[in-house]
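Just the one chain here, the form predicted on its own, laid out as C-alpha cells.
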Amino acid sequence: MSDINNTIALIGLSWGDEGKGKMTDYFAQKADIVVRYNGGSNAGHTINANGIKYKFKLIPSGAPLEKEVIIANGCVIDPKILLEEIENLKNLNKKVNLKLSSTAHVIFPFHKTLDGLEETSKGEYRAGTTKKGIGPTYSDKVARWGIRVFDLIHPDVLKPKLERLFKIRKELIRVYDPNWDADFESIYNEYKSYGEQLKSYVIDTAYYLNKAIDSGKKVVFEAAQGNLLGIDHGMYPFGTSSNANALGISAGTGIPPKKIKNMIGIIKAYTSRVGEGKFPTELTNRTAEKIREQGHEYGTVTGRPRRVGWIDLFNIKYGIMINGIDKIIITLLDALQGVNPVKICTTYELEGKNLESWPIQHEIIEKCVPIYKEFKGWDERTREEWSEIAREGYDALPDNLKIYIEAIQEELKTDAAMISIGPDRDETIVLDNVLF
C-alpha cells in the first residue's frame, strides 16, 4: 500500500452548494483523477473557467481540465443525463476521459414518477427533493432488486431484471395513481440503447482506483450535496438518500479509509439550503435578498431560489467532527459585500441553556434559538476589484473581512487552507498549500 500523500477529499459541511464544484476544479489542476462517490443528477456543480461556465449533474468537476473522471459505485446514474453531459463536453472540444462503475445503480423513468408521488404523500415530512428519482433508486438498491450499470450494458441480463422491477414499481405507483401506465418495451429499448452507448466507459472502478492510488496517482474525491443532507448524519428526513460526507467515500468507491489522506471541509461565508426542514439562521428580509442575488443562490439543477441565512458554525463544528476535517476552505466571501453587520452563529439555546453540540434531531432543532456574534461588514467592490485582490493575496482583503475570516477559524478551531472571493478558478487565495 502506498504511503504517498496523494489523496484529497472535498466535503461540503453545510446543506450543499458550498462551492465544491469550483474547488474541485481548482484541486484538479494538479490531480490525475477526480472521483464522484455519492448522489446522482440531483447534485449540480458549477465551474467558471476561461470564460466558459460548466454545469454538471453527474460528471465530476475535473472534466473541463480533461482529467480522468470516475463515477463510482456509490452514485445512481441517469444514463440519459450522463450521455447529454458527455455530448456537451465533446461539443466544447473537450476530451472525455470517463470511467463508470459497473456496480453503480441506474435510474429509470418510473423512479422519477414515484419520487414525485411519494414526496407529495409525505406532507410535512417531505424532503423537498428534485424529483430526479434518486431516493427510489437507492431504495431499490437497498431492497436488492435494483438494476446496475453492468445489467444495463448486457441486454440479456437487463430484460428479465427490468421486467421484474417494472412490475413491482408499477404496482406501487398505482397505489398513488391508479391510472398510471407505461410501456415496458419502450423503456427496455431506450435503456438498452443507453447501455450500448455507455459500454466503453464501464469498468470495475474499485479495482482501478486502488491500483491507481497505490501507484502514486493523485486523486480528488468530490462529494455531492453537503454533510447536513446525509442520510445517516444529516437532518433526517430532510435530506438526501446517500452519505454526503467523508464516511461515504469508502462505501461509495471501495477505497479503504487509510488511503484517504487529507480531509478538506468547504463552507461558505453564509449558509444556504434548498428543500424543506428547519433552518435556524435563515433570513427572510432584504438582507436575504441581497445575499441571494450577490451569491447567485439559485439551484444548478432546478433553478429554484435557495434559502439563505447567517453562517452556522454550530452545525459546521459537528461536521468537522464527523468528517475528521484537517483544513477548511471558505467560499463566497464576496457575496456578503455591502451587508452590515454580518453575523456568525456560535451555538443554539434550548430552554434557556446553551447546547454543547449540534442536536441532530430536527424535532429538537425546531425548538432552538441561534446565538450570534456580530461583526462589521465590508464595502462593495466590482468584479474586477475582487479579481485584483485575489491576485494580490490575503493582505489586500478589506480589514473587516479579514477579521471575519479569523473569527471563523478561531471559533471552529480549524485553519483555513484557502478562501474564494469569486466564481472563477483564479479568484482563489491560498493560505496554506494543501495541494499534492
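In this text, all values refer to a predicted model and were calculated from it rather than measured experimentally. One rule holds for the numbers: they count along the sequence shown, beginning at 1.
Below: the form predicted together with inosinic acid (IMP), not depicted.
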| Does the 4.5 Å heavy atom contact test between D17 and inosinic acid (IMP) in the model of the complex come out positive? | yes
| request: Consider R304 of the chain shown here, and say whether it contacts inosinic acid (IMP) in the model of the complex, taking contact as heavy atoms within 4.5 Å. | output: yes
| query | Quick one: is T271 in contact with inosinic acid (IMP) in the model of the complex, heavy atoms, 4.5 Å cut-off? | reply | no
| Do G239 and inosinic acid (IMP) come within 4.5 Å of each other in the model of the complex, heavy atoms counted? | yes
| note | Exactly one listed stretch (317-325, 352-360, 168-176, 130-138) reaches within 4.5 angstroms of inosinic acid (IMP) in the model of the complex by non-hydrogen atoms, and it is 130-138
| task | Sort through E276, E297, D78, D151 and report the residue having a heavy atom within 4.5 Å of inosinic acid (IMP) in the model of the complex. | result | E276
| task | Could you check which residue among L229, I107, I291, L209 gets a heavy atom within 4.5 Å of inosinic acid (IMP) in the model of the complex? | result | L229
| message | With the partner left out here, which residues of 31-57 have a non-hydrogen atom within 4.5 Å of inosinic acid (IMP) in the model of the complex? | response | N42, A43, G44
